[in-house]
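In the block that follows, a single chain appears as structure tokens, in the form predicted alone.
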Amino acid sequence: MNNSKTAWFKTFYNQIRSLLTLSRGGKERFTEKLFLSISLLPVLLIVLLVVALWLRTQPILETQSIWSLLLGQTWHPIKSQFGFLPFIAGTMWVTIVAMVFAVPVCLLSAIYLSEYARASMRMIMKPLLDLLAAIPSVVYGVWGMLAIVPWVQNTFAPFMNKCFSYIPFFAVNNPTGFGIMAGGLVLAVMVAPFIIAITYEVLQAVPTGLRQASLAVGATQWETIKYIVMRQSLPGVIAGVVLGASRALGETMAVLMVVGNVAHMPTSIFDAAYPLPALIANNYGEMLTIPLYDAALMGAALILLLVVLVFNILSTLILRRIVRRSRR
């Protein structure tokens, strides 16, 4: 054993010594290969996650087709009925509502901090944004239960039902306040610090000379922001929104506490829903003695991972197209 350890140590020592004695070109090639290997680690990790979840999902795929799982609307594990469509729809509804509320406010806030606010205001707001980003999600969930849910139940839902009762999208079918609207509002507050911080940094990266040149030819400050600053920073702004949406898609605890957790197809923003992360968090570790239940939950995790991957890939492709058009 000692001889084998000594031989291994000598081999390792010789390899390190050979690296140190490489020429300058050899060191550059070695460094390039090393950085390439490290860069490929996240890709390898994603592949391993997909493969592991796929293997754990195989038992249920042997009894049901992938389309029956994705398009099925009935979730009854005891009867071996695993329809994921209500959970996918719930995830999408909550995320869309959150981004509808978050994106305009975050964009305007970032523009104000970057272009209009004084240095003292920026010094105050930046730590506050960092503090909001660091708050645990369960705290947001408790805040949602104590503040957002009663407000939706007693104020917002009756107002929307009174003014827009003829639109099914705003119908109040769930008078408890727990539902998509409450989950979307809580998510909007959670993702806001990330979107604002990224958008602010992107706006600040636009060269000051472009602003000064625009103002010098007679443009107003808003025209400069609209036609110069925003055009230059549009790819970065979209990237910030995509990052916020990706976080919203995978958020679990805060949404779980306010969304209602009812497995049905929502038809209104006030309906209860059951997002995929909440399904996994609520049920994994319990009732796994039911046949195929573990495989179904692994399938839910795989679907969530694929949804996030597809969303990010499509966003990247759209972002590249926008960049190409802006450079023409």
Partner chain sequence: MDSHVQTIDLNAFYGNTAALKNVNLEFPKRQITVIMGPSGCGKTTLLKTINRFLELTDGTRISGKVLIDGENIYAPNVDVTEIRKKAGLLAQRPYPLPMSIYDNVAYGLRIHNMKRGHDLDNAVEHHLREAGLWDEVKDRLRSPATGLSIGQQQRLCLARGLAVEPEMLLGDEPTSALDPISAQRIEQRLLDLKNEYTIVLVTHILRQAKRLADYVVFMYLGEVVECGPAQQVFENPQQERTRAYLEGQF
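Only a predicted model underlies this, so the values are computations on that prediction, with no experimental measurement involved. Numbering follows the first chain given and starts at 1.
This next part talks about the form predicted together with its partner chain, which is not shown.
Residue in contact with its partner chain in the model of the complex (any heavy atom within 4.5 Å), chosen from Q212, S165, T74, N173: Q212. Distance criterion of 4.5 Å from any heavy atom to its partner chain in the model of the complex singles out I228 from the list V237, V189, M125, I228. The closest heavy atom approach of E223 to its partner chain in the model of the complex falls within 4.5 Å.
Taking non-hydrogen atoms only, L107 never approaches its partner chain to within 4.5 angstroms in the model of the complex. Its partner chain in the model of the complex is approached by A119, whose closest heavy atom lies within 4.5 angstroms of it.
Taking non-hydrogen atoms only, P150 never approaches its partner chain to within 4.5 angstroms in the model of the complex. With its partner chain left out of view, the stretch that reaches within 4.5 Å of it through heavy atoms in the model of the complex is, among 243 to 251, 201 to 209, 178 to 186, 151 to 159, 201 to 209.
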